[in-house]
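Heads up, the chain below is alone and in the form predicted alone; it's given as C-alpha cells.
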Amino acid sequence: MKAAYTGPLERVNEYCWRIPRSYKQGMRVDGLIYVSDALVEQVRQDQAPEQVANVATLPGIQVASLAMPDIHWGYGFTIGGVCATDPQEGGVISPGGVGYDINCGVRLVRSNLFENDVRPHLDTLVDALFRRVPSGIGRSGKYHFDARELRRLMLEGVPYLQGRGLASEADIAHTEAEGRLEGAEPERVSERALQRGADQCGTLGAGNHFLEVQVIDEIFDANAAAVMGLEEGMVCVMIHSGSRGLGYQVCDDALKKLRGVPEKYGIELPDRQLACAPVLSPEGADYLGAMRSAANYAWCNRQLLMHLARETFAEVFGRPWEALQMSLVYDVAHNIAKFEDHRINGGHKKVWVHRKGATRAFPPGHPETPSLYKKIGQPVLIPGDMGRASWVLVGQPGSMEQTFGTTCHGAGRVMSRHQAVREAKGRRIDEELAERGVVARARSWRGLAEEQPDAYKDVNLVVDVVDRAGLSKKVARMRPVGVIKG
C-alpha cells in the first residue's frame, strides 16, 4: 500500500486544485489536479499528487503539471497525468509520461442492432467473441507479420492494413491521427520488440484491456449523438487495448538507454522513474522514432480486433457486418506523446504533449478533428468498469484553454490489483456481474477479480468533473451487457 499524500492541495475552483510551485524545490510550474469534492479524498490516498509535483520539475515544462480526475499512482508520471514541454526551451521527452503500453486506447463501434435484438443471443455472442478474439497474457492471434511486414506496419499504421483488405477509408478517417503518426522509425525498434510483436497484433491482452458489448442507455446531447449515429437502446462494441509486448519492450529498452542521460545533460530529477532526454538530442530522437512506431502498431492492433468483432457479429446474426452497419465511431489514444500547436502565454507554440492515461479532447472546428465531427468536436471515449457504465463525450474549447486539449481516459483505480484479488477471495465475480445483467468471460478467475467494479472509481463522478470543468461534454452513456477479459 502506497503512503498517502500529505502535501498541499489548494482549491482553485469547484473542479480544480493546486499544488503550488513553492511546495518542492525544483518545481518550475504549479501542479493542477482536476477533481471534485466527491473525489478529492481518494486523490490523497496514494503518492499520485507527489508525482504531479515531480513532473513540474521537468525542463521546458509549460504552464502547469496537470492531472485528470481519474488520477492514481503510476510509473514516474501519475496515471491521468499531462504535461507539455517546449523543445526550444530545453524541453524533454520522458517515457514515463507515455507509459509502458504505448498508445493504449479505446475505440467504439456502433451497429443497427438494439438490445432486444441481441439479448436473446447474448450468451452465444459473448462465447463466440471469446473464442475468436485472443485474450490473456502472451496470447498470439490469427495475424502474423514477419520482420519486413512488421516494419511496414509500424511505419504506415492502419493504411497498411487497408492494402490487405482489413481496413476501410472510413475506419482510417475516424481514427485519431488517421491511425498513423508521422516520423515513425521502425529501425529504432529492437529485435526483441519485433519478436514480441510478430504474432500479437490483433490480440486483446490482459489487465484492464477488454472488449465489451454495450447498450446506450441515455443520450445527453441529441445533436452530437445523431452526428455519431448513436441512439438510445443501440448496441455498440467498445475495445480497449494497446501495443502489447512490442510497446512494452520499446518502453523498457528506452528506460535502459536513458540511464545516466539526465546527468549527461545536467538535468536533476526528484525521481529516477522520470528518466528523460532533451527532445533535441540523439537520445530523445531515438525514443521518439521507436515510440511513434509502437503507436502505429497499437492502432493496427485495435483495427484488427475490430475486424474480428465484426466477423463474429456477422457469424452470430447471419448478416455481413456492413449490413449490421458496424461502423467505427472513433478511436482515441490515451498513452502517447504528440507534437502539437497550442496557445501559451498569448502566443502559439509547438510543444510535446505527454498524455499518460489521458485522452485528447479537441473542440469543434479544430483542424485535427475529423470532418464529420467538425461542428460537434472530437469524440471522447471514457470506459468505466465492467459493472457500471462507459461514456461518449465531445471535446470542448475549455480543454484548449486549460489542459492542452485533454480530458480524462477512464474511471481510475482505487484498489491495487493485489488488494482487488484479496477483496474477491471466496467470491464469483462472474456471477455477481450476471446478477447485473452482464455476461462475462475471462481466461482466469484472477483476471475478473483484479478488474471487479469496486476496484475503480465511479466513472459517472469522474465524467461529471470534466463535463462541468468545460473540458469535454457528455453525449451518451453506455452500460455493459457482455465482457471479454484476459
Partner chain sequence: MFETFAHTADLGLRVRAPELTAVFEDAAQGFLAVLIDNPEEVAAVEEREIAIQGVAGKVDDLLFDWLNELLYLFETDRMLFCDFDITVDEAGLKATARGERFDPSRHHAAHEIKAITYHGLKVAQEEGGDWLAEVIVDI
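Keep in mind that this is a model prediction, so the values were computed, not measured. Residue numbers count along the first chain shown, from 1.
This protein has a second form, the form predicted together with the partner chain, left out of what is shown; the following refers to that one.
- Proximity to the partner chain in the model of the complex, defined as a heavy atom within 4.5 Å, holds among Arg446, Arg44, Arg28, Arg427 only for Arg446.
- Of the listed positions (Phe130, Phe145, Tyr160, Tyr100), a single one reaches within 4.5 angstroms of the partner chain by any non-hydrogen atom in the model of the complex, namely Tyr100.
- Considering the partner chain in the model of the complex, the lone stretch of 134-142, 222-230, 325-333, 363-371 in range is 134-142 [heavy atom distance within 4.5 Å].
- Contact between Ala206 and the partner chain in the model of the complex is found at the 4.5 Å heavy atom cutoff.
- A residue is said to contact a partner when one of its heavy atoms sits within 4.5 Å of a partner heavy atom; Lys256 meets this definition for the partner chain in the model of the complex.
- Within 4.5 Å of some heavy atom of the partner chain in the model of the complex lies at least one heavy atom of Arg417.
- The partner chain in the model of the complex comes within 4.5 Å of a heavy atom belonging to Gln200.
- Residues Arg244, Gly245, Tyr248, Asp252, Leu255, Lys256 are the members of 237-256 with a non-hydrogen atom no more than 4.5 angstroms from the partner chain in the model of the complex.
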